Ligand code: AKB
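One chain is shown next in structure tokens, namely the form predicted on its own.
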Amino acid sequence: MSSKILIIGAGGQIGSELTTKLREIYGQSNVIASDINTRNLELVNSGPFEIIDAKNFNAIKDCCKNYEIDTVYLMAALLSATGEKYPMEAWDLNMNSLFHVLNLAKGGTIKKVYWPSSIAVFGPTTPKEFTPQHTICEPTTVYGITKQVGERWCEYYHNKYGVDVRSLRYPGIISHKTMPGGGTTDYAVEIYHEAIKHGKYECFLSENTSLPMMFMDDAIKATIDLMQASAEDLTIRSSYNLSAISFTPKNIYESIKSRIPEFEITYQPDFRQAIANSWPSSIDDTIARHDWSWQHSFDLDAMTDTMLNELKKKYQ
């Protein structure tokens, strides 16, 4: 078990819930959260917190030395939809933060790195059904380009310098605890909020757009399972394919409507539709299931039940 963990970008959608879970496992004082904003008071007040810009090498290095960090989870990133609006900022943040952490591991300051990739590494030329681990990756978004390039650097640093870096290609992530952060799969979170608040939702993707998705609890479990796996069992050092469920906006609408009969949906596809069209509709994660016994727990209906129950409590 790791003794001291730093999470960079701990205030984000995945980072905030990952921090909470890691603190449960390793102890609050052993998991240092960091971000550039301090709005998440629960995160800031539940254990050590540092204000760190992921683009600042010296700030990361100093924090690692001060707390004797041995494991870094680099969760800071500009996501797909936001990255299209600010391409150079996305490149700067997503790439330089990764180099900072890989170089700290190469230099021996830290021992283990987690860096998330995404289904955004795939593109229109990738096989859409049951997308294999090793396949054509010609991404069409800045976010996807940064993740594809990042995967190559992760594998390079592992092969060349022995860096213990681990990664997952996340599908769309759905959570009731945190709001989405500018991704193309955000509709699958927004739709539950709008169903509870207003009983209707205007979706920015067309009704039959099938995308790989995952409930947050499964994403957190996969991340920690991978990091706790024995290094000898891991055969992928770029990034593992990861899969749970695939569905369309129509599927999720019908799942909600069976529980809230008056719920209504309309479709108004925007620029995110082209991004979604370039991504796979289902993922083959056989290697993850073989190497470190990955298994998901939530299907669409189990996720809908949990989302609606938790959000009803929140809005009441």
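This is a predicted model, so every value here is computed, not measured. Residue indices: 1-based, along the sequence shown.
From this point on, the text means the form predicted in complex with 2-amino-3-ketobutyric acid (AKB), which you will not see here.
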query: Site check I7, S34 and Y67: each within 4.5 Å of 2-amino-3-ketobutyric acid (AKB) in the predicted bound form by heavy atom; finding: no
query: Contact label in the predicted bound form: F122 to 2-amino-3-ketobutyric acid (AKB), heavy atom within 4.5 Å; finding: no
query: Exercise: G150 in contact with 2-amino-3-ketobutyric acid (AKB) in the predicted bound form, heavy atom 4.5 Å; finding: no
query: Proximity of S167 to 2-amino-3-ketobutyric acid (AKB) in the predicted bound form, heavy atoms at 4.5 Å; finding: no
query: Close approach of P139 to 2-amino-3-ketobutyric acid (AKB) in the predicted bound form, 4.5 Å, heavy atom; finding: no
query: In the predicted bound form, the one of S97, T185, N241, T146 near 2-amino-3-ketobutyric acid (AKB) [non-hydrogen atom within 4.5 angstroms]; finding: T185
query: Contacting member of M216, L93, A105, L79, with respect to 2-amino-3-ketobutyric acid (AKB) in the predicted bound form [4.5 Å, heavy atom]; finding: L79
query: Per-stretch contact check against 2-amino-3-ketobutyric acid (AKB) in the predicted bound form, the hit in 156-164, 216-224, 79-87, 123-131 (non-hydrogen atom, 4.5 angstroms); finding: 79-87
query: Sequence-ordered residues of 269-295 touching 2-amino-3-ketobutyric acid (AKB) in the predicted bound form, heavy atom within 4.5 Å; finding: W279
